[in-house]
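Let's start with one chain on its own, the form predicted on its own, as structure tokens.
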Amino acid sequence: MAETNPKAPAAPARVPHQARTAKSKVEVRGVTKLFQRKSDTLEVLRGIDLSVESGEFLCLLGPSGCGKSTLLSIIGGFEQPTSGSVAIDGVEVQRPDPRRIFVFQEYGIFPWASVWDNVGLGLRERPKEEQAHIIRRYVDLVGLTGFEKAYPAEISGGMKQRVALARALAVSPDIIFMDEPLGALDSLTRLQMRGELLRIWQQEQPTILFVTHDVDEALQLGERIVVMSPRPGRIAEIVPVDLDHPRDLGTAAYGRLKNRLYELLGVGHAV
């Protein structure tokens, strides 16, 4: 079945990536990552150089095992590079920071807590009234009004991912790292969630680094797409996507970009 174009609601106009002049938010310089195994050394990343601007939606695209998730973990401070460096706002990343939030494919929400309590997990140090105001805002933003008292076992996979996204946004994150967050969803829910994620990004304007191996997902979401080679992961090319949202999958421009991505991934032209 062919995908239909997601229809995201109108949102505030954003400054196109190519028109921004602000200093880079993230600077990755010469990052290489080796893992020592019993009998040999596994080189996962080699010589990664990358800049990410504040408020940018950047997709990391590549085959399984190319080091996308490892690069995300290094930028987030969960892994240390073997060589090279990562700086955020000019400060070298040494460890995780609570202002930088990860959203994973597995949802990461607590089964014993309600939607309301899951969303408010990172707000416990704030006054109760302020907590309630923030939780209400983000429950509404992700379309979960009426499900505040529901538990994860009582809601769908797409709704669980909305809870995870609301929880991430509730703490006003500096950066959101998303590691294939829609991968466990069925195709229709996944398409709907892409539209919702775009709407929220346009409204809230966080910096998002989004890992995927899905070409259409990268094209529908990203302002730029960092295409990575098979292991050891290197940057094959950074592809700008200068198409307005919501993106029409049937246009010639979309088709050309899609074919280029498939070529970079070594699988020939899209069909």
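Keep in mind that what you see is a predicted model, and the values were worked out from it rather than measured. Numbering starts at 1 and runs along the sequence shown.
Not pictured, yet referred to below: the form predicted in complex with a small molecule.
From the list 56 to 64, 237 to 245, 200 to 208, 217 to 225, the contact stretch for the small molecule in the model of the complex under a 4.5 Å heavy atom rule is 56 to 64. Using a 4.5 angstroms limit between non-hydrogen atoms, residue 32 is distant from the small molecule in the model of the complex. Although the partner is absent here, residue 69 sits close enough that one of its heavy atoms falls within 4.5 Å of the small molecule in the model of the complex. In the model of the complex, the small molecule sits within 4.5 Å of a heavy atom of residue 44. Using a 4.5 angstroms heavy atom cutoff to the small molecule in the model of the complex, none of 99, 124 and 174 count as contacting.
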